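Shown next as structure tokens: one chain only, the form predicted alone.
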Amino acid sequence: MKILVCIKQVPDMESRFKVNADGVWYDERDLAFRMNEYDEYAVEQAVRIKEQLGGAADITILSIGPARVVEAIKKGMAMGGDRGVHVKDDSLAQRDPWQLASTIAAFARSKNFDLIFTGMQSQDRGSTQVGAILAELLGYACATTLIGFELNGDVVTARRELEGGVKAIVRFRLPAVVTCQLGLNTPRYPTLPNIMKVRQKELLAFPVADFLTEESLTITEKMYLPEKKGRARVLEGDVSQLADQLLAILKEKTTVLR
């Protein structure tokens, strides 16, 4: 079985973000980067399939971006990926979901992957579109927001998380693209021996021009931090006084007690 896992490197979400000089993305200087959290679940599920099949699966970890994304690819390989593919693109922030999916599809089209995993969304852009577009371009079955995954032969039984806490169970045949939601599994930490083994694994690099032929369909016109509105009020005093103050504020400022 051939498996492709598409990952993205994103800033640590605890970082202090600033809008860049162009006003269309965040300033990447002084940020710490890591593998997109949703993608960690995708890598873990791929490795679990390999273990289920007694090692009879080949896992490729792919990421698009500048030189720094190699660190995320290496983590995916340390978790159990067999090789890495770096599609070098210094203009990743300017690519829309259509271009990203088209790039991955161009790479994957001749490789005959049985399963393609992606995270449900990236933590920085959060479009949730790349996986579904990729499936359409390849003509693969597609299931999104997976919180459960079971493979029997070439049939997948998956649990999906829908709106409002509703769950759904779907079945489909391979080949397929699936996107992974938080909670699908528990991603493993790479062990030191597996980190050392990454040095012996294949890491391929290609310029994005080898695969990207599509123009963007959407353009980010402006990025900005939300304006601060209002401020908190700290209540002090005895419990009975606090209760009276809170009731007065709720009556004055809200419609809760009207």
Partner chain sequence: MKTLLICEYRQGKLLDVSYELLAFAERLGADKAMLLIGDESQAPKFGGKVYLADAGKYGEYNPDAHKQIVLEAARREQADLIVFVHSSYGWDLAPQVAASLRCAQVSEIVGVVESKFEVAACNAKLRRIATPKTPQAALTIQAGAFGYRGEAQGTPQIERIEIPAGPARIEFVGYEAAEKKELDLAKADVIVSAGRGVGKKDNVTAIAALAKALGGELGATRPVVDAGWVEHSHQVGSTGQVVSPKLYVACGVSGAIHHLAGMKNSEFIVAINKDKDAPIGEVADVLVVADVMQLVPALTAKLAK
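In this text, rigid core is short for the largest set of C-alphas that superpose within 1.5 Å between two forms. Keep in mind it's a predicted model, so treat the numbers as computed, not measured. Residue numbers count along the first chain shown, from 1.
Here the subject shifts to the form predicted in complex with its partner chain, a form of this protein not shown in this document.
With the partner left out here, its partner chain still marks one of 118-126, 104-112, 84-92, 71-79 in the model of the complex; by a 4.5 Å heavy atom cut-off that stretch is 118-126.
At a distance threshold of 4.5 angstroms between non-hydrogen atoms, residue 153 is out of contact with its partner chain in the model of the complex. Though the partner is left out of this view, residue 191 does not reach within 4.5 Å of its partner chain in the model of the complex, counting heavy atoms only. In the model of the complex, its partner chain sits within 4.5 Å of a heavy atom belonging to residue 220.
Its partner chain in the model of the complex comes within 4.5 Å of a heavy atom belonging to residue 236. Contacts between stretch 88-109 and its partner chain, counted in the model of the complex as any heavy atom lying within 4.5 Å, involve 98 alone. Superposed on the core, the two forms barely differ at residue 12: its CA moves less than 2 Å between this form and the one not shown. Residue 233 shows a C-alpha shift of 2 Å or greater between this form and the one not shown [criterion: core-superposed Cα displacement of 2 Å].
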